[in-house]
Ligand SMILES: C[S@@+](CC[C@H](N)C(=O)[O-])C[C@H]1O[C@@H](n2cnc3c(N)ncnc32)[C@H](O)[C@@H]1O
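Below sits a lone chain in structure tokens, taken as the form predicted alone.
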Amino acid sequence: MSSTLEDTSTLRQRQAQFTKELHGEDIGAKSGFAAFISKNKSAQKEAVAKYLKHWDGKTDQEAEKRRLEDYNEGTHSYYNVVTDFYEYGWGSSFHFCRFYKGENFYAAVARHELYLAYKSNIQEGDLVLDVGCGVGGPAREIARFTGAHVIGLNNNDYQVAKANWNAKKYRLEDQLEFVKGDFMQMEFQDATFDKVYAIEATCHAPKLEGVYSEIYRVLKPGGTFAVYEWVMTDKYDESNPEHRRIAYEIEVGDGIPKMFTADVARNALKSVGFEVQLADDLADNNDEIPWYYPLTGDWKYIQTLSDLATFFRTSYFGRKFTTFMVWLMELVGIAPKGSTQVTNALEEAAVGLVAGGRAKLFTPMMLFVATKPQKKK
């Protein structure tokens, strides 16, 4: 066994053990605030420190290099501390989407997932890889809709455990499987999957060519890869201090080592061998209801009564209320130390996302559809 494999094995064992210490054994049964307040307090403090250690306000190349080199541990720690907040605010699908007039929040989220499945041409009986699957919300929706078998890959033990627990809860364990792994070094055999998709996940990669080349490798010839990529648009100017501040707010609050541009992503796909069939920024439109509306305080965007609770949790005022309650719980010892730092980082991300969306400097839904060429005869 090589030293690299030994290092990977040691890292995984340590992360798995830490997850048990932080979250306990009964992971799936609790979510949101119930899971948040039940965490081991000393382990939570350590998890927060690991997440925030590279986020010191510096945006120079040396600071970026440290974050890129520590992407695995940084991403693992990030989702250890934010998953419960995401479930509280967004449910089991941690992504943005477009909104149609009269459409409620959860219907819009599901439509966004199924649109990607449609563009991927996922068929019944396909073996599909979900890269960066979160707690499995999109995989469950796509498996139900298409009849495909979906394997979700995730480097966070906590989310993998929750995803598998929910697959059993919803009686989808015959169609769904969630495994621990690093998308920069996948353990699947070459040409394993008929289709591959990713939803706002590959942005955590330190180098897009790295994750795209692994996806290309495990995809069958003729197969399709579709992704909603987080990228900065062609309006973004890294030398502009205001633009860089917005990008950094997104990076710090979303655990992203470095935000790349759409051109970088497109070129990375091509460089590893993909044929790009479609490149479409779904956020670059004049939708009456913007994709970032849940993060705003604009009540005019609410479509249905059922959206009120979700909007309150995710909006500016709702987030401020949550931050205050977390601060109060931390003060009296109910919430673990460092919890307020996490909510502050998430708030910083929300501010950056809205600013980036309004200025069209950033998109969370750059849709790329790419195919792996058939083998030459």
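Remember, predicted model here, so these are calculated numbers, not experimental data. Heads up: residue numbers just count along the shown sequence, starting at 1.
Beyond what is shown, the protein has a form predicted in complex with this ligand; the following relates to that form.
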Legend entry - this ligand: the contacting residue among 214, 249, 182, 194 in the model of the complex [heavy atom, 4.5 Å]: 182
Inset, instruction - Could you tell me which one of 307, 126, 141, 200 places a heavy atom within 4.5 Å of this ligand in the model of the complex? - result: 200
Inset, instruction - Select, from the options 70-78, 217-225, 260-268, 141-149, the stretch whose residues sit within 4.5 angstroms of this ligand in the model of the complex by heavy atom distance. - result: 70-78
Inset, instruction - Using the partner position in the model of the complex, report whether residue 122 sits within 4.5 Å of this ligand, counting heavy atoms only. - result: no
Legend entry - Contact of residue 163 with this ligand in the model of the complex (heavy atom, 4.5 Å): no
Legend entry - Contact flag, residue 155 vs this ligand in the model of the complex, heavy atom cut 4.5 Å: yes
Legend entry - Any non-hydrogen atom of residue 133 within 4.5 angstroms of this ligand in the model of the complex: yes
Legend entry - Contact check for 98, 296 and 363 against this ligand in the model of the complex, heavy atom at 4.5 Å: no
